[in-house]
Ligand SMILES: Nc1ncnc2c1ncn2[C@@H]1O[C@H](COP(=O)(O)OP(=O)(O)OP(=O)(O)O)[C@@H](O)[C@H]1O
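Heads up, the chain below is alone and in the form predicted alone; it's given as structure tokens.
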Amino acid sequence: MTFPLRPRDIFEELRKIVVGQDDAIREISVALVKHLVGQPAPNILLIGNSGSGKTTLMRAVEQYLTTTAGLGDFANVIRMNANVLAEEHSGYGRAVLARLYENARRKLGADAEMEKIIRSVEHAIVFIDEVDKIRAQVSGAPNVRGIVAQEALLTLMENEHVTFGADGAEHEVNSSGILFVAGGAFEELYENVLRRATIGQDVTPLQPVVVVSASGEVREELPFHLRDYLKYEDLFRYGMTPQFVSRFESIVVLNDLAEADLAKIFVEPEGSIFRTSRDYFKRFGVDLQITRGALINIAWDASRQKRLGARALREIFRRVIRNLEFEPTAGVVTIDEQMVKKAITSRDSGRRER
């Protein structure tokens, strides 16, 4: 019997929510299909700046599995911070399994058979956020919390039978069928590799290029993309052990979001910053609009802040909109280019808009 879903089908659904990260979505889509048909699926490590879409991608996968008919058995998805693994006292990642068990009980109902609950745990998906925070060493010194957390995940990812306690009993699961996706900003990694690329150690030194925005503004920047220069040794030096890194068969470096991507993120997805703001103003009889020039300037400003990604959109828009939010007046309100430029100038000069 052929499987009705293709990676392309999942890809098209996820990219409706996640903007500018097609490579990462492709990897996730293939891994999901393998996971759904029962084949070994590659664990995935996502490396990307803050605001590049790691958490958005994780949430999109969870939403897809939950809302797509016939995939309910695979909708046991949890998201957890990597630091939780360093703080658990039960060891060996049992806190992960206990949370998966609780999630399965909640989704399947209190009367679900234990066999079905355990099967749900063994076919789950675990998203680990801020995995870069569990380094095995910091500034050359051992980091016990990071070592404990990496070992906890390793135990689960090495296809072992693991026991954990829940509902007053011990349960055993085969964790080989669990798909792990971990993500982190790896900020020092970014800086270290950029430094190596800039000074030209074993690569061609970077040369600055001139970039012109859609609004005609000009800036000079270095065309640095981490994926072009990243080596396994960089991850090892950062503090991720070779054993840990080897359990992620797919390492994906997310794109820095371009100006056009940021503009799309700002207005198009359901739950976007602008759509959410419009919903707020509608409650007070206000029809919030935005000009193309204003949108271009918001996206341009956000694109200058490479390390913030889509989060930079919220920061500048908050400066533009906060006075209007405080005292909304019924009617049509249009955010124009001058309003955005005024907010940017005020911020850059250290003044607060009133």
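The model shown is predicted, which means the values in this text are computed figures rather than measured ones. Numbering starts at 1 and runs along the sequence shown.
Below: the form predicted in complex with the ligand, not depicted.
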property: Option from 318 to 326, 27 to 35, 55 to 63, 289 to 297 whose residues, in the model of the complex, bring a heavy atom within 4.5 Å of the ligand; result: 55 to 63
property: Every residue of 17, 130 and 185 near the ligand in the model of the complex, heavy atom within 4.5 Å; result: yes
property: Contact residue in the model of the complex, chosen from 149, 179, 97, 265 - any heavy atom within 4.5 Å of the ligand; result: 265
property: Contact label in the model of the complex: residue 134 to the ligand, heavy atom within 4.5 Å; result: no
property: 4.5 Å heavy atom contact, residue 67 and the ligand in the model of the complex; result: no
property: Non-hydrogen atom contact residue 49 with the ligand in the model of the complex at 4.5 angstroms; result: yes
property: The ligand contact at residue 44 in the model of the complex, heavy atom, 4.5 Å; result: no
property: Stretch 289 to 317 - residues with a heavy atom within 4.5 Å of the ligand in the model of the complex; result: 310, 311, 314
